[in-house]
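Have a look below at one chain only, the form predicted alone, in structure tokens format.
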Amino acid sequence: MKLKSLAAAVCAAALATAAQAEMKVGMITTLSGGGAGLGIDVRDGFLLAIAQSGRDDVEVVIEDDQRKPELAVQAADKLIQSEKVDVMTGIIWSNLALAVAPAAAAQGKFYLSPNAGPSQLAGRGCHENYFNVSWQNDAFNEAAAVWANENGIENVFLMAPNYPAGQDMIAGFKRFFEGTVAAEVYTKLGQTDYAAEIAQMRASDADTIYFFLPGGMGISFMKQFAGSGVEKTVMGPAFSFDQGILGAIGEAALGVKNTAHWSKDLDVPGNAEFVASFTETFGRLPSLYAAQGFDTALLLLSAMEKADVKDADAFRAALREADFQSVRGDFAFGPNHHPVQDIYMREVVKEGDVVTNRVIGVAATDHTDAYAGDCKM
């Protein structure tokens, strides 16, 4: 079944059972404009898990935030006040999550984050109704720094967009990196021309470029960097080298090392089946974002098996147990409702005609975030 028919089937089932639905989910995600591919993958992964569960008592109401905080806030108000949703999910970007998730949790709604993991919501801004099913923003970068220390990287040029996630990513790498930081550059969110930054890289004495540029930003940078003649090693978190991005970058990304909690070749129960079913359903390989959407739905479904969402304390306890088989392997929540999980090092390779990632080792085992100690739940 292709994307259009799957989404239609899920929506039709939701409408048919709306009056009896045990669970009403409000999904705000990015489906148009910059970064739409990320939101589409989260949505598709989430809907695939719901469809495969065979349950007809889950209604999903989807809103497009267009990567604009004001639209995300408007959508949240609609979902909470008019749609009366029980659970919210879907947001990709940390600045949008900060605009929506705390208010939703404070109004008694459960928020399950399938992507954004700002430090503010892991530490002092944590909330009993907020669960992050992906990662805290710093995590992949902390693991990358540990790997860099162990593999002879001594001098890095750091670059990220100037917004909460970008700041967290760089902070995470610096927290564990033992070498020298040649430069720390913050770019405009949505920037597409990196000529000035590449000139700075060329002039620096860094041996490695470490960057976080998700979505189209990463595509633009890697294409420009590959054509620049700058001969420096490139590393980063998976967000700049995930499957959707690699399809656009192509061979320019070969050899790049990147950290992730998931990969399509990860040998854990359920992952090969997920990759196969997603590929068959949507006609493309799943991305990290699709895997996170899938896991978010699995978490929700596991809690529904144990408790009624109307009993908030029981449902919260069921979510906290995280009693589901994640496609990334072992998964548990820490005391601040953020993941405890392994993080892998991947390398960009070519398999036949497809540029993709393969796991080359473990960068961090049972990794948790640096902010849990500040969370008072």
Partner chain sequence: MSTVLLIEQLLNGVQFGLMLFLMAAGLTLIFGVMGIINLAHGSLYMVGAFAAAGVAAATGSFTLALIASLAAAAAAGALVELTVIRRLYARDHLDQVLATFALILIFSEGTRWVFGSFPLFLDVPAALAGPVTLPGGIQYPLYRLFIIVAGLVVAAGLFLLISRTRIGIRIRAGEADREMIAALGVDISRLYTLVFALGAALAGLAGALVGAIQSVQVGMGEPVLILAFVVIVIGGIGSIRGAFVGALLVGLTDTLGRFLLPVIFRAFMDPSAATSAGSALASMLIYILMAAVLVARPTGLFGKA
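What you are looking at is a predicted structure, and each value in this text was computed from that prediction instead of being measured. Rigid core: the largest C-alpha set superposing within 1.5 Å between the two forms. Numbering follows the first chain given and starts at 1.
Quick note: we don't show the form predicted together with its partner chain, though the next part is all about it.
A heavy atom within 4.5 Å of its partner chain in the predicted bound form is found for one listed residue only; from Asp193, Asp77, Glu83, Glu154, this is Asp193. This chain is drawn without its partner chain; in the predicted bound form, the residue among Arg175, Arg284, Lys306, Lys232 with a heavy atom within 4.5 Å of it is Arg284. In plain terms, the part of the chain that comes close to its partner chain in the predicted bound form, with a heavy atom within 4.5 Å, is 196-204 out of 135-143, 99-107, 196-204, 295-303. In the predicted bound form, its partner chain lies farther than 4.5 Å from every heavy atom of Ile170. Interface membership of Ser220, defined by any non-hydrogen atom within 4.5 Å of its partner chain in the predicted bound form, is confirmed. Using a 4.5 angstroms threshold between heavy atoms, Gly227 counts as touching its partner chain in the predicted bound form. Among heavy atoms of Asn162, some come within 4.5 Å of its partner chain in the predicted bound form. A displacement of 2 angstroms or greater separates the C-alpha positions of Val230 between this form and the one not shown, with the rigid core held in common. Fitting the two forms on the rigid core leaves the C-alpha of Gly123 displaced by under 2 angstroms between this form and the one not shown.
Shown in the overlay between this form and the one not shown, fitted on the rigid core, is a CA shift at Gly190 of 2 Å or greater.
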